[in-house]
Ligand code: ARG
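Presented as structure tokens, the chain that follows is alone, the form predicted on its own.
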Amino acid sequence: MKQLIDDSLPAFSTVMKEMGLSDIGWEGLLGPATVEDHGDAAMPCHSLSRELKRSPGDIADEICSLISPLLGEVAIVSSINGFVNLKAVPSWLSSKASSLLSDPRIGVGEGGRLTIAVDYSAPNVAKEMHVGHLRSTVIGDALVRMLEFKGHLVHRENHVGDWGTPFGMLIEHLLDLGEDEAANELGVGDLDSFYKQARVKFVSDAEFADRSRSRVVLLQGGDAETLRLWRVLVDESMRYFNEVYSMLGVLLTDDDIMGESYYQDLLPTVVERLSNSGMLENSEGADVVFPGGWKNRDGEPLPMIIRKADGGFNYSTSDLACIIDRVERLECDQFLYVVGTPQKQHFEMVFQVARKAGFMDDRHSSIHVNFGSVLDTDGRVLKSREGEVIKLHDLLSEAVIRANSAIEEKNPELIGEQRNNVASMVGIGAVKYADLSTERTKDYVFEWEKMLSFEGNTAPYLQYAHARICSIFRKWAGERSEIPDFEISCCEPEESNLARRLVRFPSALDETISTFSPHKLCTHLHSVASAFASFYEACQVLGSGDEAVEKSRLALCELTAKQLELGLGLLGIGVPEKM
């Protein structure tokens, strides 16, 4: 709990000076407690043993005896197994929670403004968005929201696959169908079928394959009519992608599209700069660089292909062009690539080459925000009953249908458009939260029953906590706008526990952002909702007969609702007022 640590540092400074430890950098030892029952903050004393020639337990006992009188209004101090533990006292919690109540940012300050490019989602034109795109899209969207909330300038970069040799066969297939028929087929979202039809013809029809290769030459040469037909494919595909983005409730728009086509003019520049740096070599007719540190199966240095023997460019070339553009045009300080873990080596090699070639330097940080796979209950990658990759549109539609049924059962009085809106928030929120609440580097199992449950660490559980608070305010005779002026007073253990969780929000969000790990914010929000459930069961909010107590508990409810709404909003998840 950063606020508690900050308020305790002056007392620790005094004590450490008295013990002769003022010059050993002890400040880094004081941090959040790892065992909540022991306290909110803790200092391990084991590293101090060498300096004082005493056991960690003895050192912790002495610090406790010296510092307790200085922190009487801040925390209860205890010594356990060589740790000095601090547990915030109710009056301190009351004061801090009250100060957050009127703050729309709930204590979250803005950091130093950075310019950050976030590369995420990245579907391929004329191909369906499937469940594999879910993680990149929702993780990237959540990080964008959090970074913007902290005051950074964020460039959303949707690096769609809209260029390359497959477009020769796709354009020829479009011509064979006729533009109107092709647009209709793409417009209803049957992108996979369109692509597969083109691929089958390319493999089985030599004349079609020849036309497709010739069309690639025209496309790369900038032929006006070919570019117009290419644009038809891109526009129809993006229209369908936007429908999925709208269902997901993410921030991506057409203005964020930075497809592979955008960087084509920069690809020769990449080759030229690598050549001028002396890094470019020729290997079996291809232009390559050897980043160093990687070997192939034969134990030989692994090259990164920049330009293939046939003159075509590789993904690595495009990613290097992205870095040049983001450094020189966007003037970015940081680049985040929200891409699956299998691309780990690719990005490590790209980043190394970019630094060695001078495309970026120590002023820039490049981070592969990697993530695991979505699995079925059998432990395999999630697929449909037919063995096909599940289309994201279909998955989201089913989520809303299932949520609608669950809400109808839980609250049959919620009907019509209102129930449909709530079902959308709950269904889509459940899918997104199940993904975001999992540590992103790990795989997770997709289970409908679990993610749509109103119990446990799920979006419906958090959303229901918010709706329950809203129902309290509907029963209350006062004006909700008055509540930020109320004082919070934590007298009962459940009140203190809820306030303790609420006060941790700024630290939880900062930790989430610094590690690019949305699951940490999810864990915090779940702890708040759980603490609220205990508070709601033990502490009567309305009708207690004590006006001061009622106001204090209404204020705790208000702060909880605000935090759930803001926290889930930063994850891209809506909060209904009724469920």
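In this text the structure is predicted, and so the values were computed from the model without any measurement. Each residue number is its position in the shown sequence, starting from 1.
Note that the form predicted together with the named molecule isn't included here; everything after this is about it.
S.K.: Can you work out whether the named molecule is within 4.5 angstroms of a heavy atom in all three of R402, R419 and M579 in the model of the complex?
M.R.: Contact check failed for every one of R402, R419 and M579.
S.K.: With the named molecule left out of view, which of V154, I488, L509, V339 would have a heavy atom within 4.5 Å of it in the model of the complex?
M.R.: By the 4.5 Å criterion, the partner-contacting residue is V339.
S.K.: Which residue among G161, G82, P303, G107 has a heavy atom within 4.5 angstroms of the named molecule in the model of the complex?
M.R.: Of the candidates G161, G82, P303, G107, G161 is the one lying within 4.5 Å of the named molecule in the model of the complex.
S.K.: Though only this chain appears here, would N124 touch the named molecule in the model of the complex if you measure heavy atom gaps against 4.5 Å?
M.R.: N124 belongs to the contact set for the named molecule.
S.K.: Please check if H133 has a heavy atom lying within 4.5 Å of any heavy atom of the named molecule in the model of the complex.
M.R.: Output for H133 is yes: heavy atoms within 4.5 Å of the named molecule.
S.K.: Is there any non-hydrogen atom of Q343 lying within 4.5 Å of the named molecule in the model of the complex?
M.R.: Because a heavy atom of Q343 falls inside 4.5 Å of the named molecule in the model of the complex, the answer is yes.
S.K.: Quick one: is E236 in contact with the named molecule in the model of the complex, heavy atoms, 4.5 Å cut-off?
M.R.: Output for E236 is no: heavy atoms all beyond 4.5 Å of the named molecule.
S.K.: In the model of the complex, which of 69-77, 479-487, 440-448, 311-319 comes within 4.5 Å of the named molecule (heavy atoms)?
M.R.: Residues of 311-319 come within 4.5 Å of the partner.
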